[in-house]
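A single chain, nothing else alongside it, follows as structure tokens in the form predicted alone.
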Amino acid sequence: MEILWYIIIAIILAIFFILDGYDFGVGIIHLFFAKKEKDKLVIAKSAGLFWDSNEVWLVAGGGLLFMAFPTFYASVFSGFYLPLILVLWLIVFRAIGLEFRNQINFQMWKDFWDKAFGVSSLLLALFFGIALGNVVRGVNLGGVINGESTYESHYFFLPLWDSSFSPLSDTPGVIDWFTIIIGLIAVIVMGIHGANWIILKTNSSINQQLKKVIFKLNIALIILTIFSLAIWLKIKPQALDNFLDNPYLVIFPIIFFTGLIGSLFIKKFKSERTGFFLSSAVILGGITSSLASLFPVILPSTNKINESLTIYNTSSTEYGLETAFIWVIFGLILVIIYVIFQLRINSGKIDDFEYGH
């Protein structure tokens, strides 16, 4: 049951980052490229019409994580307390930036909420990437100092950064030069994804410009991906062991690199859906490849005193997992119906749809 629940939660989180990921990306594009009022309105609308249904997947993922792997949930939500509070505030500002912008017809008011929407979207993408960097790098479980744990073996607490700013530190912070690189990759991926969504859902005047932006961002993404892989192998020399032991797992990197290489031909795509599907593949492949490289570990320990957290030593009881599985089927059916309904009523180009008035 542990493996089944791991797969379910991984799928839900991947869906969240694909769906809400384009919202983050739309905010990034809005911040840097939307100059005309008409473009600002329609680009914000392409996120505003969908963000609330997309974030249902985040709530679902968090709830199921709490149910299936409570020890991991408790450890992560206490250890990453500071960045999680920042993420919470950023989610709030992104939402109210969308909802408040058009409530008052005053330019300074609009400009403020435009910046709130864009900056919070960019920082959310950055922090979610940093979070992934922390997971693949590992944390100081038990708070080991001078060879002794300062608290229980499955707990930790990270400052935002430590003085060394290094992922190889015995007491790493949330932010170091490695997690920043992963964060930048996330920003670029979400930016590409958001640009593809804008092209798919709007007739914005910057759509042709965005194809050029996607191409340039994709080149930067390829360079950063190769660089980050080299660094990751230096930090975690055993990072690819799962792929060598289980060759079928290579399907996940193939999905990632298919999306990555395919996006280089963005200017030649006849269908606007193609670019969006390819950037979705990059997100799906990136998340699943990271999880596959760690399995069955879900949070590595950077010290040799306390063992890493796995799906086996953090899971709920067998009875709890089996009972919850029955109920999660009904819950997921309701969420899927909700999302399909939302997509159907907002199908096609959304330029003339009403929002925020």
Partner chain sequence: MEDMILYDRLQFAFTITFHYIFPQLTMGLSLLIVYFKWKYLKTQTEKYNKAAKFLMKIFAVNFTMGVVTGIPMEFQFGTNWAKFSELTGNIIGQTLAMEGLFSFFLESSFLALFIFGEKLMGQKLHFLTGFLVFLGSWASGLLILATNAWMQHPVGYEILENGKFVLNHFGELFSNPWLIPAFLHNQMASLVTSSFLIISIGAFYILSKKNIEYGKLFLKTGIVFGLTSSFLVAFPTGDWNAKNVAKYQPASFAAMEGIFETEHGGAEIVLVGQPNMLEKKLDNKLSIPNVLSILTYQSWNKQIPGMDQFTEDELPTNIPGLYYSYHIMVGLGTIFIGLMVLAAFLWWRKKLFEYRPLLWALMFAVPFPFIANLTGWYVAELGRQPYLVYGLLKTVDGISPTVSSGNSLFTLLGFVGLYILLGLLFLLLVGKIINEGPTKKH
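Take the two forms, find the largest set of C-alpha atoms that superpose within 1.5 Å, and that set is the rigid core. Positions refer to the first chain, counted from 1. A quick note: this is a predicted structure, and the numbers were derived from the prediction, not measured.
We do not show the form predicted together with its partner chain, though everything after this point is about it.
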message: Does its partner chain, in the predicted complex, lie within 4.5 angstroms of each residue among Y6, L240 and F243, using heavy atoms as the measure?
response: no
- prompt: Quick one: of I219, I104, M108, L168, which gets a non-hydrogen atom within 4.5 angstroms of its partner chain in the predicted complex?
  reply: I104
- line: Checked I305, A292, L58, L31 for heavy atoms within 4.5 Å of its partner chain in the predicted complex; positive is L58
message: Heavy atoms within 4.5 Å of its partner chain in the predicted complex: which stretch in 196 to 204, 150 to 158, 210 to 218, 130 to 138 meets that?
response: 150 to 158
query: Is L264 one of the residues lying within 4.5 Å of its partner chain in the predicted complex, judged by heavy atom distances?
result: no
- prompt: At the 4.5 Å heavy atom threshold, is G331 in contact with its partner chain in the predicted complex?
  reply: yes
query: Within a 4.5 Å heavy atom cut-off, is F252 in contact with its partner chain in the predicted complex?
result: no
- prompt: Can you check whether W89 is within 4.5 Å of its partner chain in the predicted complex, heavy atom basis?
  reply: yes
query: Taking its partner chain in the predicted complex, which residues of 80 to 97 have any heavy atom within 4.5 Å of it?
result: Y81, L82, L84, I85, L88, W89, I91, V92, F93, A95, I96
task: Please say whether, between this form and the one not shown, the C-alpha of V339 moves by 2 Å or more once the core is aligned.
output: yes
